[in-house]
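This document opens with one chain alone, in structure tokens, the form predicted on its own.
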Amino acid sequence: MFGRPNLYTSYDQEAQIFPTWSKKIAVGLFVLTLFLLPFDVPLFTDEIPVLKSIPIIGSLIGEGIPLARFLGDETWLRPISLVLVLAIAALGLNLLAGVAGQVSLGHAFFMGVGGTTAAFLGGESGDGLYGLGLPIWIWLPGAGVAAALVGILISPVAVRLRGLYLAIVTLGLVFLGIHLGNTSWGRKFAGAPGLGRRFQELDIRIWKEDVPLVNVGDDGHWLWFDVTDNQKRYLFLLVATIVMALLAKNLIRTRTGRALQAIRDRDIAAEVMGVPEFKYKVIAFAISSFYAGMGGALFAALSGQMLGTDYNLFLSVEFIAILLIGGAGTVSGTLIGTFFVVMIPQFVEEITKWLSGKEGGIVGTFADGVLAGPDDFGVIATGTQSPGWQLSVFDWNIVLFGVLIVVFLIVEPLGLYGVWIRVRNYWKQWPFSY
């Protein structure tokens, strides 16, 4: 109802993912923007003579205005695609840690299982490597299923532990996965340590034909415009992320999702009320591992190389940062946190490059005090080598993650999602304070 947007007349209306028209329109425009992100979208044409008389708008006619242009550039499409890949894996950890309340530091291990399985199912055999050369509709879900089966095998031990003990056990899985990848048996699937193996493209085939049904790995021509391989990968990953996000959101709203939340809030009380704790914890591990497996396969497909060392401890910690900064237990917070954690280092690097070229004035003085070469005083080193008291841009990004985790845990436990809730509620209540 337009006059009373929060007035629900049925349970079905209230249970919708987007219960109001304002939310539906906002999400629809946002998704449309994401699909148009890599392309230049002309907003005006020569067929509108009235607009040509306006000086500012008239100068834009015939040229068009790129939509969110800087994020749609080829140089930015790769980190944006990485956001989509890690968002899929982060959604799985959110279901396990944020919804079910099971702390896990081994998410990278299940991503490695998915990546290795996908390399075996979709890769070609030869040079001491195993591969079946199957199409993507087999190796992509197969990566998730393999990771889910491993999660089910591990879950009987993990579900009997809580808190720090569960975190230490899952942490050991990461080191176990790295060791298995370095063995002679693991090299048959993941390739030699430090070299890996070439990962297959995201081309869509019916079986093993030479010409794919949809070519994603090469430049092409769609309708009336040219598309690059990066744009194709971005659109493929965007569709996959939207599908997995909708599945995760709907899962939280089901009986299984409510049972997982009950276990998270108070597991003993949930079991007294008839919620089988062991069963639903195993389900949580399986679903989380499935998401991680698919994310690991897409992670390798995006990089083009299967490297077992990429699925390391830092990647697991990065997922913890995503949940804590974005907001654990919510799909929106997970997506926001993934964008923030992945893109902030890119923004910091670009700002550092911009500051390094400034001389004189307030900005130049600030840059001289912050940035420095190996022999200067600044705290951020811009050279290849730096003394012990200077940190590189990469090191400062790690420090920034640590500071943000501490700040959000103390100030805003719900993360960026909680900040958004505060802003939204403020404007709903304005100009009243209650």
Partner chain sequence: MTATTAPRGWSYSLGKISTGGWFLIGIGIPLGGYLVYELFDDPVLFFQTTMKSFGLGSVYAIVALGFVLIFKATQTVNFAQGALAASGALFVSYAVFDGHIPFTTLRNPLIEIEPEWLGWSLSVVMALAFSAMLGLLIERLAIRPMVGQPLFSVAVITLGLEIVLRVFNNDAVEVDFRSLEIPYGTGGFTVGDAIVNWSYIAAMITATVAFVAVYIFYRTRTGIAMRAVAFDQEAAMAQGINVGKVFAIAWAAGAVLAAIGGIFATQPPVKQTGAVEPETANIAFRALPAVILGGLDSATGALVGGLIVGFAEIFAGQYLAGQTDLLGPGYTLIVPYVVMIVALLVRPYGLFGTPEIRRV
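Positions refer to the first chain, counted from 1. For clarity, a rigid core is taken as the largest C-alpha set superposing within 1.5 Å between two forms. The shown structure was predicted, so the numbers you read here are calculated from the model rather than taken from an experiment.
Omitted here: the form predicted together with its partner chain. The next part is about that form.
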Based on heavy atom distances of 4.5 Å or less, which listed stretch (167 to 175, 333 to 341, 139 to 147, 109 to 117) is in contact with its partner chain in the predicted complex?
167 to 175
Determine whether any heavy atom of N182 comes within 4.5 Å of a heavy atom of its partner chain in the predicted complex, and answer yes or no.
yes
Quick one: does L324 come within 4.5 Å of its partner chain in the predicted complex, counting heavy atoms only?
yes
Is there a heavy atom of V157 lying 4.5 Å or less from a heavy atom of its partner chain in the predicted complex?
yes
Indicate whether G402 is a 4.5 Å heavy atom neighbour of its partner chain in the predicted complex.
yes
The unique member of I268, I206, V239, V214 whose heavy atoms fall within 4.5 Å of its partner chain in the predicted complex:
I268
Looking at I320, L121, L202, V85, which is the one with a non-hydrogen atom within 4.5 Å of its partner chain in the predicted complex?
I320
Shift of L34 between the shown form and the other one at or above 2 Å (CA, core fit):
no
Shorter or longer C-alpha distance for D267 and L409 in the predicted complex, given it differs from this form by 3 Å or more?
farther
